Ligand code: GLA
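This document opens with one chain alone, in structure tokens, the form predicted on its own.
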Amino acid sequence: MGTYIRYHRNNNLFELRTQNSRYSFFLRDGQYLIHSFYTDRRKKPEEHTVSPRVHFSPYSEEQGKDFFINNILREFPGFEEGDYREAALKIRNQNGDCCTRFIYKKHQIFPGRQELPGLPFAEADETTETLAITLEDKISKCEVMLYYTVFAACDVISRYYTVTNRGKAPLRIERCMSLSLDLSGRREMDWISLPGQYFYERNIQRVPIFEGIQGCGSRRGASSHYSNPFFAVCNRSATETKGDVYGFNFVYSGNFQTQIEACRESSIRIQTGLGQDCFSWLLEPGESFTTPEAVMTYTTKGLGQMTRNFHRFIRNHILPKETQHTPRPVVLNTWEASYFDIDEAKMLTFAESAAKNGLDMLVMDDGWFGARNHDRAGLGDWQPNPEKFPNGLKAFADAVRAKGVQFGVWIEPEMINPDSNLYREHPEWCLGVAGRRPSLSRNQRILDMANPAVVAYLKEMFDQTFRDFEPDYFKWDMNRNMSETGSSFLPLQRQDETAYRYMLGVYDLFAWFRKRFPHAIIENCSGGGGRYDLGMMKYSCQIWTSDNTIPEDRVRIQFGSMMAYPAETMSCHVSNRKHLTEDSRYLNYAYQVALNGTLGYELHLPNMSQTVQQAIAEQIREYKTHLEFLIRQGNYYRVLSPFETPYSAYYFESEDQSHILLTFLQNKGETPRTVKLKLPSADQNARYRDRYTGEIYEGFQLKKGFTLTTSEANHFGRMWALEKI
């Protein structure tokens, strides 16, 4: 019997416990898995498993007239069996119908977890436990193994399943949701999501749950700027510090679907997974299909605790282990300073300036390869341009490192320009639909990563390009979404598998990069934050949060991102986007915004005045001295939301509660007024000293709230580095 997962034989009850939550379901009549509760570990659960009878609800004579399949809370709902709500799995069987009824067969509890073939997944630790339950549909000969993996210290449970065709005829999966959760009661509830668009990603949206189906998703071939796989369901009265909150996320980077179905029969069905719009899968006899992993958390302590649960989980179980406890480099990226206008001599001046001012790395962006002097040619030809780098890339990288900084490089492996040698040799290696003219976006098409030959070619090409040396950093970009999503490699009956197989190819290439360049940091980018998801975070310890580096906009983008993802995943740069960098107030404000992630710079540093260079050097010293690890490893608390007020305020608290970094940001000037800042986690019996001013604060004063006077000036920021004394 496990420590966190137990099966009680006396009442056929499965119980999954985390540090603060309990999740339970039971087996009725040896056949059906019925959800009991998902609640606080210390609370006595209220069990609601069967709703009142509703007219016209079918029942099974075998189960009796009090068992209405449409009214019960289910762990794994099938299709066309009298449950009219959304199914977790829909298959078309050899008879041509989609009716299934999955019945319990067996279960096992074991330490650790199973790996997901070809997919990103959360890593186990010494306390991780897994429950595997086998279900079968005897007519279709389809077998499903449900996996529940408990990450107890993070209050997170993961869900996914494997479908196996045990019959003698093919099956087709037509709908696939990794997680399905039925909640009882007609509570007043809201759901929270992170919608957006290019340049304005991850806004926090909170709306009431209405009767019927609501949700979000992506058909773009990526999790996208417009949607995000994270969402939450909470009591209408839930706040940052109190209230029931259920949080969910999907460990996948492609098309997805999230649905919340509120039923008149007093229940809410919550699902997330691949859906059905851009996915189906042909399952031959003997074959298996494993869904991507979904994760969930529950707390009674409000939205703030849900956020901290996910932050801890991502840091400890998703992000690459090799980057966990080492400083992240402060980088100087060349894009906004030079765009495609780069060469060896110019880049070396950037490297020299970076070293002089305390930056750790030069990241050479687009324009170093092939005929890449603009965005109309060269993508796909990953050999260095001999006119720009006459001595080769290794000699250039050695020269950069000789200046005292590391070397990083921009790549976009998944894309191709029609004006490229690779396209002229292999036009069939692009996604496309027979007989239809392919669309372009940013003058590029998408390589068919569902074709193993394409992935193998890319591995060989990058191995050759970087054979003599290993870059310290890759910025991996992906700058368009899918259209005409077909593969010349796949047969006709498997065309609906293209987008999913594409992501498997992408993950394969990412995994190869991690193995081939084990010491390199990979920063993921997709036109900014178009793939800001747990799937990418498995391979990329940080993500280019948005192409929008204007601090006034970044305040909202970063605040929204932190609802679900920890600060260290956000790559945040001080840039020259508005050409105001010489303004000392603007420069300081841009830094105060950017340091609440992984700090970097994106400007023409060699051309900056000596005053600006000295200010940047001081910013970097401060960041490295006492801020970086507090921001990366500290617990995060929201104080004022820029989606609800004209301000943004938040703080990071060290795990031992001895240090607090509080930031207040005000984009636009106003008639001065007082604003109260409350730090709910402060020790009310302690005293704190602000490192910046020397001022002493009583803990009870911080907890109750202290006042700040706002500014008449634009770009006003204030920080407190509080230390217990």
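The structure displayed is predicted, hence computed values, not measured ones. The first residue of the sequence shown is number 1, and the count goes up from there.
The form predicted in complex with alpha-D-galactopyranose exists for this protein as well; it is not shown, and the discussion that follows is about that form.
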Given that the partner is absent here, state which listed stretch (351 to 359, 522 to 530, 281 to 289, 233 to 241) has heavy atoms within 4.5 Å of alpha-D-galactopyranose in the predicted complex.
-> 522 to 530
Assert contact residue (alpha-D-galactopyranose, in the predicted complex, non-hydrogen atom within 4.5 Å, options E414, D366, E75, E129) equals D366
So which of Y457, Y84, W335, F629 gets a non-hydrogen atom within 4.5 Å of alpha-D-galactopyranose in the predicted complex?
-> W335
Look up in the predicted complex whether W544 has a non-hydrogen atom within 4.5 angstroms of alpha-D-galactopyranose, and give yes or no.
-> yes
Any chance W410 has a heavy atom within 4.5 Å of alpha-D-galactopyranose in the predicted complex?
-> yes
Interface membership of N479, alpha-D-galactopyranose in the predicted complex, 4.5 Å heavy atom rule | yes
For R442, is any heavy atom within 4.5 Å of alpha-D-galactopyranose in the predicted complex, or not?
-> yes
